[in-house]
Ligand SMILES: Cc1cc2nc3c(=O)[nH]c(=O)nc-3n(C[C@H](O)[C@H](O)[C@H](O)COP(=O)(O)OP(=O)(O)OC[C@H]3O[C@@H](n4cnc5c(N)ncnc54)[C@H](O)[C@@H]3O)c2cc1C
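Only one chain is given next, in structure tokens, and it is the form predicted alone.
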């Protein structure tokens, strides 16, 4: 069997892994995707998807299916969580779409994953395997191999670790420790739209920023659902204790916010919680025939809404380089070179935007002054480095 006939091995069946499998298959490469889960699927709530990501969906041939499940918000709005004043808004109108070529959308994470998974299942070059836990890998000049918990050895032309923030592949490849605990926790919930008070329903992405906290909400699934995410700094995690929070702790942190935010938080009794982690940007994440992708390579905070987007851009780039360059290690180095700085910028700017959203004291006044009179043209210019894409 020649190297080109040997499949590329992808470890991890989340959004990044499925996008990678589809991108590779569309360039004519066989793919064997493996995940330890019993059934492919995603947990979580909503995602914001910028034009840079919609462009990749178009290239992957799934934009029509994405359009069927997406909601197109009218604005991005930042409000003050304490006094409810509007700080700024970015219209997502015709001028926005004309500048960036594609719209801004909100999508349920499970819906996006299902579109990518179905496209992979429909492609003859993609093999999807569940109940497959990877315990290690090896490589030589001709191939890469993964070893499974049940004693098998699976051979491929390359190995892509898309297995998330707790990546097994990264642990062996870089051995650089656990991801960074940021002290931020996220509570996420989804409501049917008809359960949201009418005066608080909005066709925009709205973020209420307060001291060390924010609440974001937006419609999704064609406006049928209302996604909410409450983010705050938890002292338990700042102290390093790996314990779960609870709704009571969340309400304590949001004590003192405006009536609108209090009303929205009160609509939900049960919230799913995620501890927010990222990683310091690194100068390399590839070695020979093995590389990393998405959160495995560059875990980031959610404040720019680009975590899934960066994984999807990774997927397109790695497929492009493997198609353009016959030598696999060279292709993986080129992929890494094209992604290191952009993904590091997203990681670092996400931290910065978190500080802006969570401003307190004088910083809150600085935020209001900085964004006062921010024009749509200026807003689009500030986001162009992200939304122009790759």
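A quick note: this is a predicted structure, and the numbers were derived from the prediction, not measured. Numbering follows the first chain given and starts at 1.
Omitted from view is the form predicted together with this ligand, to which the following refers.
For the chain shown alone, residue 186 is a contact residue for this ligand in the predicted bound form, at least one non-hydrogen atom being within 4.5 angstroms. With a 4.5 Å cutoff on heavy atoms, residue 36 counts as touching this ligand in the predicted bound form. In the predicted bound form, this ligand sits within 4.5 Å of a heavy atom belonging to residue 163. This ligand is not shown here, and in the predicted bound form it never comes within 4.5 Å of any heavy atom of residue 313. With this ligand left out of view, the stretch that reaches within 4.5 Å of it through heavy atoms in the predicted bound form is, among 298-306, 172-180, 150-158, 85-93, 298-306. Proximity to this ligand in the predicted bound form, defined as a heavy atom within 4.5 Å, holds among 119, 134, 81, 264 only for 134. Shown here without this ligand, the chain has only 109 in 90-126 lying with a heavy atom within 4.5 Å of that partner in the predicted bound form.
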